[in-house]
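Listed next as structure tokens is one chain, alone, in the form predicted on its own.
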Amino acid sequence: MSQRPIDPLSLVRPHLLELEPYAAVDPPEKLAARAGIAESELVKLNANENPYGPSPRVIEALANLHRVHIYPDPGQTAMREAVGRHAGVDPARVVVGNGSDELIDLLFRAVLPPGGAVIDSVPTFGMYPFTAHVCGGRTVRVERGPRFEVDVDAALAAAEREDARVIAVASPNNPTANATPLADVERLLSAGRLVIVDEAYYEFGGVNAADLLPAHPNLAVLRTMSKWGGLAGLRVGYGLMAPELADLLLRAKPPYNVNQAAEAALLASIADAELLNERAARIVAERERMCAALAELDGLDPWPSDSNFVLCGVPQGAGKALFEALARQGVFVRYFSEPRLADFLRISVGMSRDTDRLIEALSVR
């Protein structure tokens, strides 16, 4: 007796059927093809990547990697000890992830009940609503202030009203590049919710919420090796949190979530922190040069940045057209259609030659 074919989507949890994909950037080869240029001519300033790439020690470590046939350490012992020394915390507070995105997912899955709320100070990083949706939770949008600062009073009121389990704060914020003062973080912590401070760009700004960890067990600080370490393609990040929460995540994560190559790269990067800090300082200096050059162009208004990118105001209504005009010249920046960001472009800091190409392209717009 024949059966009707089963629709596999009928077996999927209903909330996932409405999931919108995260808006990621295209790889260089697609961008170059779109502009009709060689990949070597591309100016890629749209993903906040480190223009210097990884430490030379990482290249050496990867070239000599000889344990790819062996599973990595599920307890992350060497990585947690190295990160602990680097961040100045007890290794018992450290969890390493397949990018900090995985740590967002692990934390949300650990604390969000079905329909549980995450307070999201918008505009901000799109992974918070995306991951909350995947985990069966929901995000409560709280608008940032006129300078894109966190509206602490509104966030606290929303957390109380919605009985939120999580307050997520990117600091420095992506895409607005401003850090959240530690005094504001402490006020958020007073609500008794899990406060996740995502410090993916903190090496370029200096605000360090990890100093608050001993006094606040409901704080989790996330960092990535993608920006400072130039390891975006290897996907490795780490979280700093209460030892009890770290232990839970270590038990709940996939056992071999960080591969041997990513582990070797993380260890080599931390061993070469002096060089990476010097490069971060160069990026900050280039950021300031780029801001000054942008400010000289009619109609452009670069905002202060604590990160390795700049949010630049453009003439009203010109954001998308300017983004497309730059793309036609092989210069790729980031445009967001969200209403509050429609008159801005987010521009990553590259090498000095990239800045020069950007300014040249903008000058002939």
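Bear in mind that the values here come from a model prediction, so they are computed numbers and not experimental data. Residue numbers run from 1 along the displayed sequence.
Unshown form predicted together with a small molecule; subsequent notes refer to it.
S.K.: Can you check 80-88, 160-168, 224-232, 283-291 and let me know which stretch has heavy atoms within 4.5 Å of the small molecule in the model of the complex?
M.R.: Of the options, only 224-232 has residues within 4.5 Å of the partner.
S.K.: Exactly one of 264, 200, 258, 95 has a non-hydrogen atom within 4.5 Å of the small molecule in the model of the complex; which residue is it?
M.R.: Only one listed residue qualifies here, and that residue is 200.
S.K.: Which of these residues, 204, 130, 125, 148, gets a heavy atom within 4.5 Å of the small molecule in the model of the complex?
M.R.: Checking each option against the small molecule in the model of the complex, the one that comes within 4.5 Å is 125.
S.K.: So, residue 218 and the small molecule: in the model of the complex, are they within 4.5 Å at any heavy atom pair?
M.R.: So residue 218 does not count as contacting the small molecule.
S.K.: Within 4.5 Å, heavy atoms only: does residue 180 come near the small molecule in the model of the complex?
M.R.: Close contact is absent here: in the model of the complex, residue 180 is far from the small molecule, nothing within 4.5 Å, heavy atoms only.
S.K.: Within 4.5 Å, heavy atoms only: does residue 272 come near the small molecule in the model of the complex?
M.R.: It does not: once the small molecule is placed as it appears in the model of the complex, residue 272 has no heavy atom within 4.5 Å of it.
S.K.: Residue 176 near the small molecule in the model of the complex, any heavy atom under 4.5 Å?
M.R.: Heavy-atom contact with the small molecule at 4.5 Å: absent for residue 176.
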